[in-house]
Each structure stands twice: as structure tokens, then as C-alpha cells.
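First, one chain by itself: the form predicted alone, in C-alpha cells.
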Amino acid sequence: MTYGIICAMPEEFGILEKEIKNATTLSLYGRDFISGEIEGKNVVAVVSRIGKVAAAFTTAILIEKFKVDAVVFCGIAGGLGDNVKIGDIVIGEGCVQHDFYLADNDIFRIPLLNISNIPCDKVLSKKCLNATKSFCKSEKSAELCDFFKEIGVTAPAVHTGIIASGDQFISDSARKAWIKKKIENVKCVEMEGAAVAQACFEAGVPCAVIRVISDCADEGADVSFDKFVNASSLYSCAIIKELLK
């Protein structure tokens, strides 16, 4: 069993890279694919770069070149759910491209696939959910505890629901409200999850998407995002290690 681990940005990858044992690196198309082991499990980890095209391209390489058996995407997102707060974690049940538009009465639906909500794998997502809950209950590193104190988090909550993806950084209350109105049970918004999920769905490879809430996708999002992004790998590393135990 080999897991493909994807983050969109180097900051999200961060300390996770240091956890890869017996690592070898293959550089392809401007990306470093790092093969090795985490917690004794085989992994291929990579930074995809930002956006849906970059994420889908990277996922396809993981599946075709490295023959991964499952893909887990980790990163940060803007919170949309009414009870989703900065520092919380969302496990995707499915992903929708909020910027996919065919006509006023036909939005989100992907032609030929004829679906709008791209499902995440239930078994893998449940494992991610359990790993995330274990992480939330576990004793935190001093660095993570200091970060929690800085952002005013005591115990992160874990949510499941729909993740909205689009090639837009959402920092607008009106756009946020539109996405919440149009996508039932949406919990957060980001820029890659649906692309990873679609590539995996079409290839028949299990996929899970884990998102840590860095901002509220409103006019203050830029400031919150910048404050959070450099610490996001603390979450990613701890959750992935818990998943692979």
C-alpha cells in the first residue's frame, strides 16, 4: 500500500518532509516527488502548487508514474460553515467546483461525468476522520501549543461535509454567502480539493481531503491566511502521522 500525500504550498508541506524516512527524490515537471516511509508506511509526497490545474496534474502523475494506491490532500482553507472556526479541521465527504459554470440553470455539473459533487472515498475519509480526532485529543507539541495560544484555539473541532474548490482566493462576504447558498452542507472553500478528487474518481483511486481552517473567507481573510499558513504543516504532519500509524 502506497499513499500519495499532496500539499499545495511548501509552507503546508513544511515539517512533514522531515518525517519521511529512507527518502529518495525524483524531480518531474518542476515538482519534487519524495518517496519513502512515514510510520513504516510507503508514501510519495509532493507539493502540487496552487490551483486546480496544478493539483489535478500532480495527482495524475502520482497515479500513473508512482502507482499510488490512495491519495490524501492536506492544506488550509477558508471556513464557510456557521460553526466552523479558525483552527478547526474539515474532512471532505465530497468536493464541488464552485467556479464551474455552464449556464444560469446548470452550475457545478461536470459534463460527461454528469456529477457536481465529486465524492471522496468513504473508507479512507473515515480513517482520516479518526486520525484527526485522535490528533485533537493527543498531547500537542510545544510549538503547536504555542500556536494554538496565539490564535486563541483551545481544542480544534472536527467537521465533515462538502469542500468547495475554485481558482479564486475567497475574501469577500458576498461571494462567501453565494457559495453557502448554492452548495448544501459546504464547510470550507479552497483551490485544489475538487481537482484532486476528480482525478482520483476518474482513475478509480481512493481520495481524501483534509483542510485546516485558516480564515473566514471574508474581507479579513488575507491577514488570517498569512498568520496561519506557516504553521499549517504542524497540523498536516501530526494528522498524517496519526493516519499512517
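From 1 onward, residues are counted along the sequence shown. Owing to the predicted nature of the structure, the values given are computational and were not obtained by experimental measurement.
One more form of this protein exists, namely the form predicted together with a small molecule; it is left out here, but the text below deals with it.
Taking the partner from the other structure, the small molecule in the predicted complex has a heavy atom within 4.5 Å of a heavy atom of I76. Proximity of V209 to the small molecule in the predicted complex: non-hydrogen atoms within 4.5 Å are absent; the residue sits far from the partner. For A8, a non-hydrogen atom is located within 4.5 Å of the small molecule in the predicted complex, even though that partner is not displayed.
Under a 4.5 angstroms non-hydrogen atom cutoff, the small molecule in the predicted complex lacks N130 among its neighbouring residues. Checking V84, C120, I162, I170 for any heavy atom within 4.5 Å of the small molecule in the predicted complex turns up a single hit: I170. Only one listed stretch (31-39, 182-190, 58-66, 196-204) carries heavy atoms within 4.5 Å of the small molecule in the predicted complex, and that stretch is 182-190.
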